[in-house]
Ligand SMILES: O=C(O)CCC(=O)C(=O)O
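The data below hold one chain only, encoded as C-alpha cells and taken in the form predicted on its own.
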C-alpha cells in the first residue's frame, strides 16, 4: 500500500501559536532549525550537534514505513474505544471513551515486542545514519519507549534530560525522537531548551519545589524554567512522517500542551543508539514494560 500521499492536516491556527505548557503560553521561544546532511562530511553534523545539542533531520526515514507503522499501531486499539467512531486507524483520531491503563499497557507490551516495531527501529536509514554519525558500528538499546497521547489537555511533559534515566553507560549516546505521523505542535510535540546541554543543572536545585522529582523531571513550570535560565524553548510548527530529532543525554526537553481541535493523537517513539564499543547501560537491554521502574 502506497501511503506516501497520506497526510493528516495540521491545525492552521494552532501551528502559528507559541507552544503552551499547562495552559500558559511560553514567551521565550524560537524555531528548531533543520539540518541538511552532507553525507560526504560527517564532521559538519557532529559540529552542529555539539553546538546546538540536537539535530533536526527532515525526511530522513522512509515515510511509507512510518505511516504503515502508524496504521498498524492504532489498528491494535480499534476494539477499545480509543479511536473516533468511523475514523481510520492511520488517522489516530481520539474517541470520547476512556480506555483503562491496563488495557493500553497490555497492547503496548505486545507492540514493543512486535517484528513491525523492531523493523522500524532498526531500519536501514537509522542504522546508516548512526554508523555515519559515530563513525563506527552501533548498538541500539533494547528498551525503547513507544507512546500515544490523547488530544485532551493541557498535559505537558515536564522538563527533563535523559542522563537522569540512562547514566550507567557512555555519554556518547543519542536519543532519536521520531514522530510517527504528521504532527502539528498542538498534538504536544517535543520542545527543547536552547543550549541547555551546557547548563549546570545542579544550580537549579532549590529553584523549583519539585526538583529533583521522583519522575526525574526538573519542573513542569516550563515558562518558569525559561525565565530562570534566560533560555528559549525551541519548537517546530509541525513534524512530518519521516522526520527525526536527535538529541544528547544532557539536552533539556519537554512536551507542550496537546489541544488539537480535531482530536489528532500524537504517536511517537524514543530510541537510543550509541557506539557498539562504548560502555552500555545494562538496565536498558530488556524490552520496555510499564512497571520496569526506569
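Positions refer to the first chain, counted from 1. None of these values were measured; they are calculated from a predicted model.
The protein also exists as the form predicted in complex with this ligand; that form is not presented, and the subsequent description refers to it.
Visitor: Of these, 220, 160, 197, 143, which has a heavy atom no more than 4.5 Å from this ligand in the model of the complex?
Guide: By the 4.5 Å heavy-atom cutoff, the listed residue in contact is 160.
Visitor: Which of 249 to 257, 223 to 231, 65 to 73, 35 to 43 has heavy atoms within 4.5 Å of this ligand in the model of the complex?
Guide: That would be stretch 249 to 257.
Visitor: I'd like to know whether residue 185 contacts this ligand in the model of the complex, with contact meaning heavy atoms within 4.5 angstroms.
Guide: No, no contact at 4.5 Å.
Visitor: Going by a heavy atom distance of 4.5 Å, is residue 20 a contact of this ligand in the model of the complex?
Guide: Output for residue 20 is no: heavy atoms all beyond 4.5 Å of this ligand.
Visitor: Is residue 120 close to this ligand in the model of the complex, meaning a heavy atom pair under 4.5 Å apart or at it?
Guide: Heavy-atom contact with this ligand at 4.5 Å: absent for residue 120.
Visitor: Under a 4.5 Å heavy atom criterion, is residue 270 part of the interface with this ligand in the model of the complex?
Guide: Residue 270: yes, in contact with this ligand in the model of the complex.
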